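Single chain ahead, by itself, as structure tokens, in the form predicted on its own.
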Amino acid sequence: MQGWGPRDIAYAGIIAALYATLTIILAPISFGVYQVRVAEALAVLPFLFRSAPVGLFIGCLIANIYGGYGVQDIIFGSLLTLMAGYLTYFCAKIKSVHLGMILAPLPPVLLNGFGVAVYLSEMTGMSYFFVVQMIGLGEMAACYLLGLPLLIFLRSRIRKSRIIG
């Protein structure tokens, strides 16, 4: 956590708490092959906050402990979320801000879709590519239908507060 200040630690903690809480409260739709993990809308936050990947990782870890899909999901699902968070963070470095924002939800869709399906298809006995499609669709719904509007809203609020303040 080199270079992190109290604000970064607070943001990571808040994001972790929000992610875990949303996932656990909405558990019936947050786990399994047919899922729309609403908390994945928060996966766009690394575009705005450098501490967000760590917050997402911790929140996902806590949620996956609760989720009941075992050690594979706790470890690999959480690590996939961490990797997706850092890839989303790098989307903010793209010269075209609008392109970066459109691409920001893509890493969690792809990494979770293809990655979680590796162990979930084995656990459920379902075809790998079927599970990729189901997880991918749920991720797209959470990340693009909920996350992208959240990103646009938060970015506009941050820009307004910097202009006014």
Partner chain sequence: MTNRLIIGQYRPLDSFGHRLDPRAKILCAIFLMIISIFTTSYIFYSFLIVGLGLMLILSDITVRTILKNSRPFLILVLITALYHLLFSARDTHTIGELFGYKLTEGGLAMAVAFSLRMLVFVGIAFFVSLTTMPADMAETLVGWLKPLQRIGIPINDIGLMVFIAMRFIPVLAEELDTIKKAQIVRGVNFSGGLKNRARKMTVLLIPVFQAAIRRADDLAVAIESRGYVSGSERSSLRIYKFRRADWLFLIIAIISATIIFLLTMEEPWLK
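Numbering follows the first chain given and starts at 1. Quantities reported herein were computed from a predicted structural model and do not represent experimental measurements.
We do not show the form predicted together with its partner chain, though everything after this point is about it.
- Partner contacts here mean any heavy atom within 4.5 Å of its partner chain in the predicted complex, and among 49 to 57, 132 to 140, 105 to 113, 92 to 100 they occur only in 49 to 57.
- In the predicted complex, at least one heavy atom of residue 38 sits within 4.5 Å of its partner chain.
- Among residues of the shown chain, residue 159 is not one whose heavy atoms approach its partner chain to within 4.5 Å in the predicted complex.
- Looking at residue 61, you'd find a heavy atom of it within 4.5 angstroms of its partner chain in the predicted complex.
- Within 4.5 Å of any heavy atom of its partner chain in the predicted complex lies no heavy atom of residue 118.
- Contact annotation for 100 to 128: residues with any non-hydrogen atom within 4.5 angstroms of its partner chain in the predicted complex are 122, 123, 124, 125, 126, 127, listed in sequence order.
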